[in-house]
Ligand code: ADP
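Presented below, as structure tokens, is a lone chain in the form predicted alone.
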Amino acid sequence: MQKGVTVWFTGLSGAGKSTLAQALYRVLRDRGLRVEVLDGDVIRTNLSKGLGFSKEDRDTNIRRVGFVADLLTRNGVICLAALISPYRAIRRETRERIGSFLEVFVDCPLEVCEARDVKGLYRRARAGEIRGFTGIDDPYESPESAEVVVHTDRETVEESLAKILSALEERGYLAP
């Protein structure tokens, strides 16, 4: 029987969270596993529509995603949550709620994320058009003890995926 787990991808905008979550999704689906992706942009459009980007609204967004991730995990689904989730305290709260949790820090330097900025969000934040943008005028609190750290500025998607898959296997969530 498949074990449920939440794989929580955290990092700056443009770091590669969604890219890695989608790649992992394809690998796990190809293995015949039940897996779902909770992507920050999709969540903001549907589940958390109307929330802003204050600390309180960001925490509410993460709590909502954590609730859904917990439901999926308890029902034997591998849940891939890809959200900036900039604050340690709410990530810790989410981890404690879910239990079966693997944090993946998608570590990428700010300047690389800005260079990848396909949506123009960093440019707009630097111009003062967006306030409270993570990494510019709102903090990103890096994980202190993520189970997996990937460096998307110097690893291929395949190399980063190999680290994540290995961690899932070592913890008994996937067969080797």
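Note that residue numbering begins at 1 and tracks the sequence as displayed. Bear in mind the structure is a predicted one, so any value in this text is a computation, not a measurement.
Another form, the form predicted in complex with adenosine-5'-diphosphate, is not on view; read the next lines as being about it.
Enquirer: Answer with yes or no whether residue 157 is in contact with adenosine-5'-diphosphate in the predicted bound form, where contact means some heavy atom within 4.5 Å.
Expert: So residue 157 counts as contacting adenosine-5'-diphosphate.
Enquirer: Taking the shortest heavy atom distance, is residue 44 within 4.5 Å of adenosine-5'-diphosphate in the predicted bound form?
Expert: Heavy-atom contact with adenosine-5'-diphosphate at 4.5 Å: absent for residue 44.
Enquirer: Could you confirm whether residue 20 comes within 4.5 Å of adenosine-5'-diphosphate in the predicted bound form, counting heavy atoms only?
Expert: Residue 20: yes, in contact with adenosine-5'-diphosphate in the predicted bound form.
Enquirer: Answer with yes or no whether residue 119 is in contact with adenosine-5'-diphosphate in the predicted bound form, where contact means some heavy atom within 4.5 Å.
Expert: Flag for residue 119 set to yes.
Enquirer: Who in 5 to 33 is close to adenosine-5'-diphosphate in the predicted bound form, meaning a heavy atom within 4.5 Å?
Expert: 12, 13, 14, 15, 16, 17, 18, 19, 20 sit within 4.5 Å of the partner.
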